[in-house]
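In the form predicted alone, a lone chain appears below as structure tokens.
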Amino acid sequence: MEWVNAIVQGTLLGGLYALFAAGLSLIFGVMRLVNIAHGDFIVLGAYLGLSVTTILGIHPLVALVFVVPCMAMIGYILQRGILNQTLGGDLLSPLLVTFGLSVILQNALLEIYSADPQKMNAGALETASVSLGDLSLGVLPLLTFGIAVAVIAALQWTFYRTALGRAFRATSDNQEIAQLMGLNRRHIFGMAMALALAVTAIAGIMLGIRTSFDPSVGGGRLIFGFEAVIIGGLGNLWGTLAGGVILGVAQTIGAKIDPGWQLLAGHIVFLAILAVRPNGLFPRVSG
């Protein structure tokens, strides 16, 4: 039963990793852009949530009403003002720019909030649990996993059932033809980044409720997000959820074997899958 519990807990942890990865998957699927600053935007979302809860005295989940639109606006302005200028044939330019954004964000957060670890207070939600036979499941991990499934389902619906989603897919497939058909590529990319950072805000709030954070933890969240995206398959949103679950289960099983193996086990599984399936387990099929 202990091993079953480890697998279940790893599955629920995978929901958080899927939230980390969903924005990355969306951005890559639309723009072929690898955002090195993604982990720092997750931390920014957590700090914005902390500020809102402190100032207004509201629950962290209610703070999503304020943080999600704020992060979406930041994403749109950032894409239209800076990142659109770097997109083109050269893959190095956006990597360097987003790396620079990562450094700026880390130092700005350090200056504003200091290096002291912070955590949002979600009250009874943090310790509440439900029993399923011999298993005891935390309400917060269950809620996080449910939110991850809902977010990815909403993104999938947006991508394949709305006019904005059709614009995303058309621009991703062929930017020049999309421009000729009347689509403003810069605006479409701005909307994609806005949507991605809105999801990142949700990931940041859930991170801030689950564990402590400081300005330096963005790199680790970025790695978990990248690994989940690559395991699931680049550009495949449901594959991202599967990748997050696989990574979470690998980590909890590794921790069960030896506490020091938790992160190592996740990295080993990632490298093994990458060696066997370089495009991930469920790569998106175009056409």
Partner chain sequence: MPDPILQISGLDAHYGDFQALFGVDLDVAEGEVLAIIGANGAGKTTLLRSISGLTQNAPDMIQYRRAPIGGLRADEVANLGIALVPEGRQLFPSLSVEENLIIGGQIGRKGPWSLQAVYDLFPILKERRAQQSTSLSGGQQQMVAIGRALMANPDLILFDEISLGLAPIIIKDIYDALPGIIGEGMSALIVEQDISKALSVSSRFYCLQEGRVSLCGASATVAREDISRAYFGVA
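Positions refer to the first chain, counted from 1. For clarity, every value in this text was computed on a predicted model and none was experimentally measured.
Beyond what is shown, the protein has a form predicted together with the partner chain; the following relates to that form.
When contacts are judged by a 4.5 Å heavy atom cut-off, A170 counts as touching the partner chain in the model of the complex.
The partner chain is not shown here, but in the model of the complex it comes within 4.5 Å of a heavy atom of N174. Contact check for N184: a non-hydrogen atom falls within 4.5 Å of the partner chain in the model of the complex. For the chain shown alone, S212 is not a contact residue for the partner chain in the model of the complex, no non-hydrogen atom being within 4.5 angstroms. When the partner chain is considered in the model of the complex, only one residue from A178, A194, A122, I152 comes within 4.5 Å through any heavy atom, namely A178. Screening 161-169, 122-130, 138-146, 195-203 for residues having heavy atoms within 4.5 Å of the partner chain in the model of the complex returns a single hit, 161-169.
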